[in-house]
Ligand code: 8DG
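We begin with a single chain expressed as C-alpha coordinates, specifically the form predicted alone.
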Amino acid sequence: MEETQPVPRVGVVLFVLKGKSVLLGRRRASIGESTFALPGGHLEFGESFEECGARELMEETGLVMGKADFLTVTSKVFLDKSKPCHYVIIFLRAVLADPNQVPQNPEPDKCDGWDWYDWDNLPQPLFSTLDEMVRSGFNPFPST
(Lines give C-alpha, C1' and ligand atoms only; values in the text may rest on other atoms or scores of the structure.)
Protein backbone atom coordinates (compact mmCIF):
# COMPACT_ATOMS: atom_id res chain seq x y z
CA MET A 1 0.00 0.00 0.00
CA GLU A 2 1.38 3.42 -0.98
CA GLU A 3 1.88 5.90 1.89
CA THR A 4 0.08 9.20 1.33
CA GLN A 5 1.72 12.54 2.02
CA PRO A 6 -0.02 14.89 4.45
CA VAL A 7 -1.80 17.77 2.73
CA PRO A 8 -2.25 21.33 3.97
CA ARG A 9 -5.55 22.17 5.64
CA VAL A 10 -7.25 25.57 5.69
CA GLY A 11 -8.33 27.14 8.96
CA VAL A 12 -10.32 30.32 9.55
CA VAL A 13 -9.63 32.12 12.83
CA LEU A 14 -11.36 35.18 14.28
CA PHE A 15 -10.08 38.15 16.20
CA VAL A 16 -13.46 38.95 17.81
CA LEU A 17 -13.09 42.47 19.18
CA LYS A 18 -15.03 44.22 21.94
CA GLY A 19 -13.66 47.62 22.93
CA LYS A 20 -9.92 47.01 23.37
CA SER A 21 -10.42 43.34 24.23
CA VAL A 22 -10.22 40.14 22.22
CA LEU A 23 -12.05 36.83 22.77
CA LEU A 24 -9.77 33.93 23.77
CA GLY A 25 -10.28 30.40 25.05
CA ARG A 26 -7.87 27.89 26.60
CA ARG A 27 -7.45 24.97 24.18
CA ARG A 28 -7.99 21.33 25.03
CA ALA A 29 -6.54 19.79 21.87
CA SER A 30 -3.44 17.90 20.78
CA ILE A 31 -2.11 20.99 19.00
CA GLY A 32 -1.63 23.80 21.50
CA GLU A 33 -2.95 22.02 24.60
CA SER A 34 -3.56 24.55 27.46
CA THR A 35 -2.69 27.61 25.35
CA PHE A 36 -4.97 30.59 24.83
CA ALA A 37 -6.31 30.80 21.30
CA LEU A 38 -8.80 32.60 19.11
CA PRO A 39 -12.04 30.92 18.01
CA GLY A 40 -11.97 29.24 14.62
CA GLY A 41 -11.76 25.99 12.74
CA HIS A 42 -11.58 24.20 9.43
CA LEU A 43 -12.93 25.67 6.21
CA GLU A 44 -15.56 23.37 4.73
CA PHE A 45 -16.02 22.77 1.01
CA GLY A 46 -17.82 25.68 -0.66
CA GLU A 47 -17.75 28.00 2.37
CA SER A 48 -16.58 31.59 2.23
CA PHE A 49 -14.13 32.67 4.91
CA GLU A 50 -16.89 34.74 6.55
CA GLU A 51 -19.35 31.82 6.51
CA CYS A 52 -16.77 29.56 8.09
CA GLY A 53 -15.92 32.16 10.74
CA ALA A 54 -19.58 32.72 11.62
CA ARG A 55 -20.25 28.95 11.81
CA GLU A 56 -17.18 28.22 13.94
CA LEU A 57 -17.89 31.16 16.27
CA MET A 58 -21.45 29.89 16.83
CA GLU A 59 -20.32 26.27 17.32
CA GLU A 60 -17.49 27.16 19.72
CA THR A 61 -18.94 30.09 21.69
CA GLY A 62 -22.67 30.39 20.93
CA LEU A 63 -22.02 33.94 19.70
CA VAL A 64 -23.49 35.45 16.53
CA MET A 65 -20.94 37.22 14.34
CA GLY A 66 -21.62 40.65 12.89
CA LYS A 67 -19.33 42.34 10.38
CA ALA A 68 -16.01 40.63 9.55
CA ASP A 69 -12.97 41.79 7.59
CA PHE A 70 -9.98 39.89 6.20
CA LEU A 71 -6.78 40.69 8.15
CA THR A 72 -3.97 38.37 7.10
CA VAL A 73 -2.98 34.80 6.25
CA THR A 74 -0.26 32.55 7.66
CA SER A 75 1.22 29.20 6.68
CA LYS A 76 2.30 27.08 9.65
CA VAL A 77 3.84 23.61 9.69
CA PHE A 78 3.60 21.72 12.99
CA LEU A 79 6.41 19.15 12.90
CA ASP A 80 6.69 18.55 16.64
CA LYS A 81 3.48 16.50 16.78
CA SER A 82 3.02 12.74 16.54
CA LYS A 83 1.29 13.41 13.22
CA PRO A 84 2.87 16.44 11.49
CA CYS A 85 0.42 18.86 9.90
CA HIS A 86 0.41 22.01 7.80
CA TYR A 87 -2.20 24.76 8.14
CA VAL A 88 -2.91 27.78 5.97
CA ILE A 89 -4.75 30.05 8.40
CA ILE A 90 -7.04 32.89 7.32
CA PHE A 91 -7.42 35.55 10.03
CA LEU A 92 -10.54 37.69 10.15
CA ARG A 93 -11.39 40.64 12.40
CA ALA A 94 -14.99 40.46 13.59
CA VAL A 95 -17.48 42.13 15.88
CA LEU A 96 -20.56 40.59 17.41
CA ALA A 97 -24.02 41.09 15.92
CA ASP A 98 -25.11 42.13 19.43
CA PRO A 99 -22.29 43.42 21.67
CA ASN A 100 -24.19 42.29 24.79
CA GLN A 101 -23.91 38.58 23.90
CA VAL A 102 -22.10 36.46 26.48
CA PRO A 103 -19.80 33.64 25.31
CA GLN A 104 -20.83 30.10 26.22
CA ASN A 105 -18.74 26.92 26.15
CA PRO A 106 -20.73 24.35 24.12
CA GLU A 107 -17.58 22.27 23.41
CA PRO A 108 -16.01 21.71 26.86
CA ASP A 109 -13.98 18.80 25.48
CA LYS A 110 -12.18 21.25 23.14
CA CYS A 111 -11.97 24.41 25.30
CA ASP A 112 -11.90 25.30 29.00
CA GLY A 113 -14.03 28.40 28.35
CA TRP A 114 -14.08 31.79 26.64
CA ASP A 115 -13.44 35.25 28.00
CA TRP A 116 -12.50 38.78 26.95
CA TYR A 117 -8.86 39.80 27.44
CA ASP A 118 -7.33 43.25 27.12
CA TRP A 119 -5.02 43.33 24.09
CA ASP A 120 -2.30 45.00 26.15
CA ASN A 121 -2.48 42.31 28.85
CA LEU A 122 -3.02 38.95 27.13
CA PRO A 123 -2.96 35.72 29.14
CA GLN A 124 -0.09 33.26 28.74
CA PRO A 125 0.78 30.98 27.14
CA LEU A 126 -0.68 31.96 23.78
CA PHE A 127 -1.21 29.47 20.94
CA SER A 128 1.98 29.46 18.85
CA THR A 129 0.58 31.21 15.76
CA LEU A 130 -1.07 33.94 17.85
CA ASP A 131 2.06 34.30 19.99
CA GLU A 132 4.21 34.80 16.88
CA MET A 133 1.80 37.46 15.59
CA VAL A 134 1.76 39.34 18.91
CA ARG A 135 5.57 39.23 19.19
CA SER A 136 5.88 40.63 15.64
CA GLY A 137 3.83 43.68 16.68
CA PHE A 138 0.64 42.67 14.85
CA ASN A 139 -2.43 44.57 16.04
CA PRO A 140 -5.94 43.39 15.04
CA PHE A 141 -7.63 46.67 15.96
CA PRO A 142 -8.55 49.11 13.19
CA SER A 143 -6.26 52.12 12.99
CA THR A 144 -7.96 55.34 14.01
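No experiment lies behind these values; they were computed from the predicted model shown. Counting begins at 1, following the sequence as shown.
Just so it is clear, the following notes concern the form predicted together with this ligand, a form of the same protein that is not shown.
Result of superposing this ligand in the predicted bound form onto shown chain, 2.4 Å backbone or C-beta criterion: By the 2.4 Å criterion, open.
Proximity to this ligand in the predicted bound form, single hit among 58, 31, 111, 95 (heavy atom within 4.5 Å): None of the other options qualify; the answer is 31.
This ligand contact at residue 42 in the predicted bound form, heavy atom, 4.5 Å: It does: once this ligand is placed as it appears in the predicted bound form, residue 42 has a heavy atom within 4.5 Å of it.
Contact flag, residue 26 vs this ligand in the predicted bound form, heavy atom cut 4.5 Å: Close contact is absent here: in the predicted bound form, residue 26 is far from this ligand, nothing within 4.5 Å, heavy atoms only.
Contact of residue 22 with this ligand in the predicted bound form (heavy atom, 4.5 Å): Outside the cut-off, so no.
Non-hydrogen atom contact residue 38 with this ligand in the predicted bound form at 4.5 angstroms: Close contact exists here: in the predicted bound form, residue 38 approaches this ligand to within 4.5 Å, heavy atoms only.
Candidate spot 16, 101 and 116, all three touching this ligand in the predicted bound form (heavy atom, 4.5 Å): Checked in the predicted bound form: no contact with this ligand for any of the three.
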